[in-house]
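Quick setup: one chain, the form predicted alone, written in structure tokens, and binding and motion questions come after.
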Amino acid sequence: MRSKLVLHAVDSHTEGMPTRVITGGVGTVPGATMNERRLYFREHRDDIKQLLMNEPRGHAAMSGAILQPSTRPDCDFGVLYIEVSGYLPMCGHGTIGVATVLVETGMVEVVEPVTTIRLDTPAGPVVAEVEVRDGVARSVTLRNVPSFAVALDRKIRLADGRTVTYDLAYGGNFYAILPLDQFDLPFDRARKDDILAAGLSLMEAINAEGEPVHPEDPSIRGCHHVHLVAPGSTARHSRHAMAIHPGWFDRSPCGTGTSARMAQLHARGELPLEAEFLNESFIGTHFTGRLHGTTEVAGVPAVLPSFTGRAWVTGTAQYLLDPGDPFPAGFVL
């Protein structure tokens, strides 16, 4: 067996969504901050992301995280997020996966009943509180970055001539949020292709009209997620399908999406602080969210969200690259 690259991984899934946690083989990525490292990796080492996320080692909805030394003295680890669609500033399900892997592998000192892990992400520091019983990670509560509504009741014309009304919010990534029934579609996985096409059409129109830009960091920009709210959803229990660029659904309830949804509901006066919010994914799994306070981001009113979910380790692996492999960066079909 020969290989020009050996990458050590612990695979997991968070409420149905995979996270391939890379624990070794990458080395320290250059950059004074995790966002600088994100941008450097995207520019100079994208072949590693493609190798791990694309077929034949990955698949069309693959997601991962690369562990790094923290760039901050107040954090335990740094994390870079990778997926088929690119490099996210923050990933909620992925961070729950990372925290679970760190506990389950003993890479952090495990304390019962709660092991607290501080993580340095491109979007800013976050805190993972891992519930541990009998040495096992049972759930993770993630205190996310400040989240905020960008716009409410914004109208846009789609390529098919339809005009829809949506809200735009930030929870670590930008999310367009609107009722699915604006597209005259049922919340039914049998219609998943039509639902996905609807989400992608809105995404394309938003970015063509003027992509959203984070007020403090212009490298965090663009709408690549559309949160399609199911009929009957409320500010206490919401169901949705999450369409993601370039064309797949989040299997988990989406942690940064849960944060953005809570920020949107709070801006509408529908979700008070400390109220429990149950967010349900397209496959029926759940995150439980809560808003703990208010703040500002560059003068924009914001909230301080948390959400709780579960992850399970599914395997360990060493991913190799044979010098003769005809697909050194994988492929997309």
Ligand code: PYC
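These numbers were taken from a predicted model, which means no experiment stands behind them. Throughout, we count residues from 1 along the sequence that is shown.
One more form of this protein, predicted together with pyrrole-2-carboxylate, exists but is not displayed; see below.
Trainee: Please tell me whether the candidate spot formed by Glu83, Leu88 and Trp248 is one where all three residues come within 4.5 Å of pyrrole-2-carboxylate in the predicted complex (heavy atoms).
Mentor: Checking in the predicted complex: Glu83, Leu88 and Trp248 are all within 4.5 Å of pyrrole-2-carboxylate.
Trainee: Tell me, which of Ala149, Ala128, Ile244, Val229 has a heavy atom within 4.5 angstroms of pyrrole-2-carboxylate in the predicted complex?
Mentor: Spelling it out, the residue with a heavy atom inside the cut-off is Ile244.
Trainee: Given that pyrrole-2-carboxylate is not shown alongside this chain, does Cys254 nevertheless sit within 4.5 Å of it in the predicted complex, heavy atom to heavy atom?
Mentor: Close contact exists here: in the predicted complex, Cys254 approaches pyrrole-2-carboxylate to within 4.5 Å, heavy atoms only.
Trainee: Find out whether any non-hydrogen atom of Gly92 is located within 4.5 angstroms of pyrrole-2-carboxylate in the predicted complex, and reply yes or no.
Mentor: Contact check for Gly92: yes, within 4.5 Å of pyrrole-2-carboxylate in the predicted complex.
Trainee: Determine whether any heavy atom of His225 comes within 4.5 Å of a heavy atom of pyrrole-2-carboxylate in the predicted complex, and answer yes or no.
Mentor: His225 belongs to the contact set for pyrrole-2-carboxylate.
Trainee: Is Tyr175 part of the interface with pyrrole-2-carboxylate in the predicted complex - any heavy atom within 4.5 Å?
Mentor: Because a heavy atom of Tyr175 falls inside 4.5 Å of pyrrole-2-carboxylate in the predicted complex, the answer is yes.
Trainee: Tell me which stretch of 185-193, 205-213, 108-116, 255-263 has a heavy atom within 4.5 angstroms of pyrrole-2-carboxylate in the predicted complex.
Mentor: That would be stretch 255-263.
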